[in-house]
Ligand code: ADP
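The chain below stands alone and is given in structure tokens; this is the form predicted alone.
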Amino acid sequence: MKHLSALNKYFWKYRYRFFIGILFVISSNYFAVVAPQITGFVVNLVQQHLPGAKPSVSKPVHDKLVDWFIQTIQSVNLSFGWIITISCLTILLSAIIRGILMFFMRQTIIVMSRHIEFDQKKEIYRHYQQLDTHFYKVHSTGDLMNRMTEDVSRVRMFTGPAVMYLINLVTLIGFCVVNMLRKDVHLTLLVLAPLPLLAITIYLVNSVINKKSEKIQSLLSDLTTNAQETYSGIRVIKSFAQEKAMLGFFRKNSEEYKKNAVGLAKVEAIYFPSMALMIGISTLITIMIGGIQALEDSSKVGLIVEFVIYINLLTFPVSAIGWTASMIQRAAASQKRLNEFLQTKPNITNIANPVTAKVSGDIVFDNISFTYPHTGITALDHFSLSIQKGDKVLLLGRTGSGKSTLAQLLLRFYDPTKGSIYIGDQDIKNIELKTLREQISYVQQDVFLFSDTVTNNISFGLAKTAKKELVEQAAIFSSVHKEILGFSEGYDTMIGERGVTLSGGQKQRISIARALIKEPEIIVFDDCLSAVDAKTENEIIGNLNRYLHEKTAIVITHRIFSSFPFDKIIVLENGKVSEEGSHATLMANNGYYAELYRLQLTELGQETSLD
């Protein structure tokens, strides 16, 4: 239950709706207990008019409102038939009033729960966006989605139905028990005797439900992750003819989830037979003891009827104890899972008073080292590099040499384990994250496009909708404009999830256009031309040569662009600079760069001869 305390801020936010809802619950239940008292009065009145009826020994006790009603109809000297008719109409009226109040009860508390659900999903989504890259490397997308959907839905069942039914059963049980005690303490205690056994059963079963609920939610996250990965990688699955294997894997996870869900359902099934048994026993006790008392006092006939109605009124609240307790336990398990993420603090944050003004100038990597926290792999080791404003730098190196890590550190996806990175005279840790990332365009090697139009994908990084001319200009620079015009709806074409309808080269070039349209101070290309042919590559390089005038550019690649006039070429090996200089200098050194260049020329010559 302590995990649900995180919801108190929402209850306070919607306190007026919540407290008005409680008032409606109390009012509706008051009118529910009015009907049994009037019914008891009518039964006693009929009993007194039967031949041979004995006079009442005791005077029935009623609420003030019911006493006022009885005194009023008796004071106007109405006939027996009219009294019965008016009493029946009053019972009908109380039922109608109760129904109206119950309608408003749901309109306040249930609607409040929908508002809380909306706010909670916004809070989780906002928090997800603040978490750093490391968090997303160690948590699956399916688990993130399941917590935001299934877990929040279960919490909503607590803030809405569970809270409403809890208040409802407490007030209705309170009204019924108080009225029963006022009328006959001895009979009330006998009637309610089975309920402590019911409370013990609820306590024991709830502890089992809580444990099973946590496990079921965890299994559901695994199942969601399995399905999400299958849908995302469906082309890989089909190309390797692994549909049967993936189905078997999904069936195994699904079977485990089903087994635990069925087990929970069996445990919950104990509640309802237990409720029916206890209510049945209470009814039998009422009829038996009340019947004995009625032989001595005819007014007890109305009391028996009244008690039976009270027991029937208590049937739903008492049976709802189990259901409500189950919802609360499930919500507590789900809120615990939500709190785990909501209480996770991002490692990458702004300082107290960050620099928000535009920052430009030289980029300095000052003796930085970095080890990935989730793998323990050291990507950079005492790396230093100075890039002057407007320089075009080529970063080369074998796979795993630390090239992409430099780009991620520059954007503060991670912070260096040691050392510092400066832009101008500012340590990037002092620059507001939004300001820093607005000034840098990053074209990742793992291209991600949204399920949206081509125009919206290209203009994604802009605060406002880009003009058509700017979008087309960016596409021209990235050599994809002509191909976009050939799409069914041109720039308004929907490209599908993750750009599934496009080729690898088209996706890369659209991602380049998305980076160029921002007009950034710094632009980083991370192996973003691997899927284009040599002719298109040369065309893009020529366009970038014109576009990148006076801009700082870092090009990370496995290929050498000999046609591009780089100011500096850096070769990385095991997280350190192994070679540095111009094209001519590195060729003269006859190291890795020269070897790669000759190999690339050989491959190009072979392709030319084949053509």
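The shown structure was predicted, so the numbers you read here are calculated from the model rather than taken from an experiment. In case it trips you up, residue 1 is the first one in the sequence shown, and so on.
This protein has a second form, the form predicted in complex with adenosine-5'-diphosphate (ADP), left out of what is shown; the following refers to that one.
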TODO: Considering only heavy atoms, tell me if Ala379 and adenosine-5'-diphosphate (ADP) come within 4.5 Å of each other in the model of the complex.
DONE: yes
Open item on the list: Does any part of Phe80 reach within 4.5 Å of adenosine-5'-diphosphate (ADP) in the model of the complex? Heavy atoms only, please.
Closed with: no
Open item on the list: Although the partner isn't part of this model, could you tell me whether Tyr128 comes within 4.5 Å of adenosine-5'-diphosphate (ADP) in the model of the complex, counting any heavy atom of the residue?
Closed with: no
Open item on the list: Test of understanding: in the model of the complex, would Asn226 fall inside 4.5 Å of adenosine-5'-diphosphate (ADP) by heavy atoms?
Closed with: no
TODO: Sort through Thr108, Ser404, Asn350, Asn456 and report the residue having a heavy atom within 4.5 Å of adenosine-5'-diphosphate (ADP) in the model of the complex.
DONE: Ser404
Open item on the list: Counting any non-hydrogen atom inside 4.5 Å, which residue from Lys122, His374, Lys345, Lys535 sits next to adenosine-5'-diphosphate (ADP) in the model of the complex?
Closed with: His374
TODO: Select, from the options 242-250, 99-107, 80-88, 396-404, the stretch whose residues sit within 4.5 angstroms of adenosine-5'-diphosphate (ADP) in the model of the complex by heavy atom distance.
DONE: 396-404
Task: Members of 95-130 lying within 4.5 angstroms of adenosine-5'-diphosphate (ADP), judged by heavy atom, in the model of the complex - done: none
